[in-house]
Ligand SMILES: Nc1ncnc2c1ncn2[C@@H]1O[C@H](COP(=O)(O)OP(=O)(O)O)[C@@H](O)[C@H]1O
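Single chain ahead, by itself, as C-alpha cells, in the form predicted alone.
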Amino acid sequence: MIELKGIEKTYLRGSEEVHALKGIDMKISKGEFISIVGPSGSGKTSLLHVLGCLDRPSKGSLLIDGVAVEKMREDELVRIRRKKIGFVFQQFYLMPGLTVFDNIALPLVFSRTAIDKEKIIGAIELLGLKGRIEHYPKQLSGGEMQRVAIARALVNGPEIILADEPTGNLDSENSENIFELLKSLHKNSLTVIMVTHNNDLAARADRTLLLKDGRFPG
C-alpha cells in the first residue's frame, strides 16, 4: 500500500542544514499496525509528515497504492490527504469555540463535502462520545478530547491513520484506552502508523521500527 524508496529530508534551521531523514526504505502493507520508536530528534515526525503528504521529501520516492506522489501538484496532494489519510496528533488541535459535533465535521467543511449527520453521529458513537455531542473542548477530559480528534480523523473515511504521539498528553489509563481504540480501528482494515515514546504500547503493534539519526539501523 505504501512504499518509501531512498527517502531523504533536509531542511534549514537558521543557518544549519538538518538532515532529518537519511535514506529511508520501507514497505507498509494494507491493514498493518506499525509503531515507530526512537529518541527525540531521530526524524520520527519528519517521516510521518512525508508519509502523510504534508511535506515533500528532498530525495527519493513515496508510492501510495503504486503511484509516486512526491512530484504531484499541491492540489493533488490535498486530495490524497483528504480522501486517504487521517491525522491524529499529540496536541488535540480542537477548535475551542466549536462543539464536539462541529469539530468532527471540520474535515467535511474544508473539503466542501455535504455534512452527513448520520456519518458524524456514527463516528461519535463509535468513539464513545454519545453524551458529549454538544459539549465544547473545555468541558472534556484529555482522553475525550483525543477521542474527538480520532473521530475527526475518521469522518472522511480514510484508509490510513497517522498518529503522532497520540497518547503523549494522557495518563496511563487513557493512554491504554486510546491505544485499544486504535487497535480496534485497525481490526476494521485501517492501516495505522503510530509514532510513540511508549515502548510498552509500541511492542503491541504488528511491527515496531526503531528510527535513529534519520535511519532504520541495520
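For every residue, the number given is its place in the sequence shown, counted from 1. Please read these numbers as outputs of a predicted model, since none were measured by experiment.
One more form of this protein, predicted together with the named molecule, exists but is not displayed; see below.
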In the model of the complex, the residue from Ser35, Thr191, Ser46, Ser175 that sits within 4.5 Å of the named molecule by heavy atoms: Ser46
Contact test in the model of the complex: Pro39 vs the named molecule, heavy atoms, 4.5 Å: yes
Proximity of Val18 to the named molecule in the model of the complex, heavy atoms at 4.5 Å: yes
